[in-house]
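Here we start with a single chain on its own, the form predicted alone, put down as structure tokens.
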Amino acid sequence: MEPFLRCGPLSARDGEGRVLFEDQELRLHAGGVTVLEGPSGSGKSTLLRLVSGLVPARGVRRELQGRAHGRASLPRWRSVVTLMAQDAPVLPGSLRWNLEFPYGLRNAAGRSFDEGRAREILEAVGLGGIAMERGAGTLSGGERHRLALARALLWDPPVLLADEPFSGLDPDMAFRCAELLVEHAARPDRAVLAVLHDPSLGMGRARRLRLAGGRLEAA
């Protein structure tokens, strides 16, 4: 069975020049969540950034559904392979602006902001009681992670790379958000790769990959 996403070879070093991994290839299949495991410092976040195209890399071949994306089409790649960063950054401005801004980019490809759907998702992640005009900079760490999840689910990319998406959430809310991520990934044309602080969180049937000792392998 051909993978939904194929990306590689992927290589990275840490800040001191030590090899984290070298010439590894990521393959994802659609229709579910894949959990990326591995010890601290093994390069899991770096791997996600490489796959998303946010880290410069030569010689990496990126394919989605059999279609190759070269360096010239990296903006398009980032719109269909979207990274939720570990620090859940927010833009200056309101919650509404943080949800709306991707639709003004050139790679939005005709998508438009759906306020009704945005409100549904904010309610689902427990932010429905916060005014959309409130400044995003006033949110707590856990609220920023939920806003990042809401933005990603609203954008609805074919591949979502989620780096510690439930940080700062209490167990009940984390489980609730995990269910939303599972629902997103369950469709036959969607896939999620997630790095989780607690790999068992609502992901009992998830596929698993392990990055350790410089190798990316099925866990």
Partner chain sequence: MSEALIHLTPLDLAVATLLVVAAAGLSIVLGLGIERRLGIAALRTVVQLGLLGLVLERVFAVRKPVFVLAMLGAMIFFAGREAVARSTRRYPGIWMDAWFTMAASCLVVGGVVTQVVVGVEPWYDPQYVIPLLGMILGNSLNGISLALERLLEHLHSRAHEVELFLAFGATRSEALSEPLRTALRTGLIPVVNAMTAAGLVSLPGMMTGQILAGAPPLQAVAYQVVVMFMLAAANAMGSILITFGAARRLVAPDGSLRPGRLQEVGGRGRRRRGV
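Residue numbers count along the first chain shown, from 1. What you are looking at is a predicted structure, and each value in this text was computed from that prediction instead of being measured.
Below: the form predicted in complex with the partner chain, not depicted.
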Quick one: of L139, V125, M132, V90, which gets a non-hydrogen atom within 4.5 angstroms of the partner chain in the predicted bound form?
-> V90
Would the partner chain be touched by all three of R61, P158 and H184 in the predicted bound form, meaning a heavy atom each within 4.5 Å?
-> no
If contact means any heavy atom within 4.5 Å, which of 189 to 197, 24 to 32, 148 to 156, 168 to 176 contacts the partner chain in the predicted bound form?
-> 148 to 156
Though only this chain appears here, would L54 touch the partner chain in the predicted bound form if you measure heavy atom gaps against 4.5 Å?
-> yes
Residue contact check: H69 to the partner chain in the predicted bound form, 4.5 Å heavy atom | no
Do A118 and the partner chain share at least one heavy atom pair within 4.5 Å in the predicted bound form?
-> no
Proximity of R96 to the partner chain in the predicted bound form, heavy atoms at 4.5 Å = no
Taking the partner chain in the predicted bound form and a 4.5 Å non-hydrogen atom cutoff, the residues of 67 to 90 making contact are R71, L74, P75, R78, S79, T82, L83, P89, V90
